[in-house]
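What follows is one chain in structure tokens, specifically the form predicted alone.
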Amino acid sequence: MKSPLSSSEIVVGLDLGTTKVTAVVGEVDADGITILGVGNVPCRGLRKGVVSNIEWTVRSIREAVEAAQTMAGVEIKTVYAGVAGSHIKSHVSDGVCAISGREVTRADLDRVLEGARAIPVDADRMILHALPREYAVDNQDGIRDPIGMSGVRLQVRVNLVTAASSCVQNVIRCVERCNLNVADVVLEPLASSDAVLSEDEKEIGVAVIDIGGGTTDLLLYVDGGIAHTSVLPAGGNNITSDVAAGLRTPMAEAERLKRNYGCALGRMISDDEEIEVPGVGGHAPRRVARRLLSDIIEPRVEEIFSEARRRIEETGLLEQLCSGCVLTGGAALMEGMVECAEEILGMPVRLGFPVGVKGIVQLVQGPQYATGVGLVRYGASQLADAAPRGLRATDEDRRIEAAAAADPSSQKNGFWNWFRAAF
């Protein structure tokens, strides 16, 4: 790829959600990221973040990409695809290597991260990301970026994110059936957090809760690094199902009622408010108190946030989340969500809106677009990392890269070689 410092590049983020597929087109250059177009279409081909119907998913991807490229006026050939779902797991791993020269180079970072990834995983799983928490050079720990530091021994502690191989394969297969290339597969809560968090929040500790249609993603930052990721098997669709059953109305109408009149805290609604509920199977619509709708929604929302708090407590990091919590995802827009989260989590909570982009930002100014914008930012960071690597490569860097090219199993992005061999 060309360096973003010398010319512009088109980067496309593809958010494959349970209820929608969103394609976000950004132009990356030396001045930052400019949003050029967005495509957003409903999707019924995924269940809890996992592809359940290839044809429906392919159709939604194609429609979203076509809408985005029509708005942006560019041809889309490559995308950064998001992946999520309850099959995502996370655990800590350590890596260590000898520093090849008198100071730490990027090649040393690649080797120590590869060492952290060299752990046994089940045959049906793959390592999606190795997310560094901190580095240590000799006896000095707590280092964020060790490049340029002197020493003889480099260590790293990482969060290894693993995914079910078949789930990732199905995502790639759907994208490729639309005649698109997959530049990388990215954990969706990682992308979301990158789009909505400030560096200060990451530094002093923050939780990100991304409430999607099928799942709720939890990600914790402590001391500037990712300390924990997990997936809760409940989301906005569960709330919609509760409303449909409780009010005896079709799912589509339940979704509309949830979006337009839903509230996560019943005490925020006055007793005299009423809503019209369409009937099922020819039954006439009826008017009910809006409080009844809230009484159905509130227990499910409490369940989601209570489970999130339980998982945070299990990590032992609750007291270190001094910035509080940031909510993203479409379901976070419902009235009362912030107030309910504050009560259950016991910390300050705010809605997360994408930041750090320009252009037609009004099209992506909502928590539901955090993942799509985050995927574009991830792609931009990949371009930025590639540029200085080519400009500042040392002889040792080139030797390591040449060895990696000759031995595919040692490449930093070993997933693609593994994937081709396995499938």
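A residue's number is simply how far along the shown sequence it sits, counting from 1. Quick caveat: nothing in here was measured; it's all calculated off a predicted structure.
Not on display, but discussed next: the form predicted together with a small molecule.
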{"property": "The small molecule contact at residue 345 in the predicted complex, heavy atom, 4.5 Å", "result": "no"}
{"property": "Non-hydrogen atom contact residue 309 with the small molecule in the predicted complex at 4.5 angstroms", "result": "no"}
{"property": "Exercise: residue 236 in contact with the small molecule in the predicted complex, heavy atom 4.5 Å", "result": "yes"}
{"property": "4.5 Å heavy atom contact, residue 291 to the small molecule in the predicted complex", "result": "no"}
{"property": "Contact segment among 327-335, 177-185, 74-82, 106-114, judged by heavy atoms lying within 4.5 Å of the small molecule in the predicted complex", "result": "327-335"}
{"property": "Contacting member of 95, 205, 214, 352, with respect to the small molecule in the predicted complex [4.5 Å, heavy atom]", "result": "214"}
